[in-house]
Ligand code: AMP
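Here's a solo chain for you in structure tokens, the form predicted alone.
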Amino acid sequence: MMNPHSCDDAHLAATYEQTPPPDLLALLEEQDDFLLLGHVNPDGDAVGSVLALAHMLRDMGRTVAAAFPSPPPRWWTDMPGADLVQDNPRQAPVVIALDCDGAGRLAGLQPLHAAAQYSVEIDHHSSTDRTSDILYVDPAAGATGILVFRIIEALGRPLTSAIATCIYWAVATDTGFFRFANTSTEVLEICARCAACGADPHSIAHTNVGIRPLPHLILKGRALVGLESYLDGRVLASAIGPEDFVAAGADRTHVEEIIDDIRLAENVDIYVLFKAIDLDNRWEVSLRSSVVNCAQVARDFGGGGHAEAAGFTFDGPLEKGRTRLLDALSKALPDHHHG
């Protein structure tokens, strides 16, 4: 059992089934120049995991930079290590993709990953579409931040306040602040350790779920007003298009977590949010369900994610994309209504 009050070393007494691969640990110890990348439209786990690992490498005296293919949410500058994030990163010998569900979600940064002398993926998504030289993937982990924590443990590196803050941020946000099914004993133990080592749970929760900018609230209102039921009430969906973003004065960063508010509706099996920011008819789709494997549905449309939370994009009219998705969901739904 770990001692949550001791931060003198970074070791937990508990051992976990999926330990970091030796070739990854050797690479982190032997190489000097790293570029860490998160996925497009990064969430708390992507940003927190990237910055936690970046802190560790910088503390080891390594050259390290971080980058994301699209801007992180508004709160990312509150996370320690924001100075490490670059808009136009240079090629590095070691490029590590974190929380990406396959390198395709690196979008415009994918060539940097592909051209690296050593390409690495650290992830907890279940995708099997992996092309990196070194993989550390554990779909049973509650967040990619947990894998970073295990790496820090395995290398015997100290859990500094900055690292603890980033890991807590990553794990807490990806578990819905301990509300989602991926909240495990390991999740709670690691977050307790991070809190003991300098992470401020109240501040992190307040920044992520305790306050919202007005454009987000207006956009959420428009999404909730537009809710419609499909497939005999088993699917609840809404769409927010360019006119909604204009009316709300909102941008892409204001969309986060609206789908989780929709998920509060009872007696529904699948929750869907369509969103298009521009007039080019490119729609992003968020799926949530504890009944249907969202990741499998999303992969059939070229996307990915987790069993209970996934997404994909499509080009074309909303009506056509919605009809195709509803047809797929009607086949994926079990006979029994679980709502």
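Numbers for residues come from their place in the sequence shown, where the first is 1. If you're wondering where the values come from, they're calculated on a predicted model, not measured in any experiment.
The same protein also exists as the form predicted together with the ligand; that form is not shown, yet it is the one meant from here on.
Taking the partner from elsewhere, residue 286 is found to have a heavy atom lying within 4.5 Å of the ligand in the predicted complex.
Using a 4.5 angstroms threshold between heavy atoms, residue 281 stays clear of the ligand in the predicted complex.
Under a 4.5 angstroms non-hydrogen atom cutoff, the ligand in the predicted complex lacks residue 55 among its neighbouring residues.
The shortest heavy atom separation between residue 293 and the ligand in the predicted complex exceeds 4.5 Å. Residue in contact with the ligand in the predicted complex (any heavy atom within 4.5 Å), chosen from 186, 200, 256, 138: 256. Heavy atoms within 4.5 Å of the ligand in the predicted complex belong, among the stretches 303 to 311, 62 to 70, 29 to 37, 47 to 55, to residues of 303 to 311. Each of 105, 125 and 275 places at least one heavy atom within 4.5 Å of the ligand in the predicted complex.
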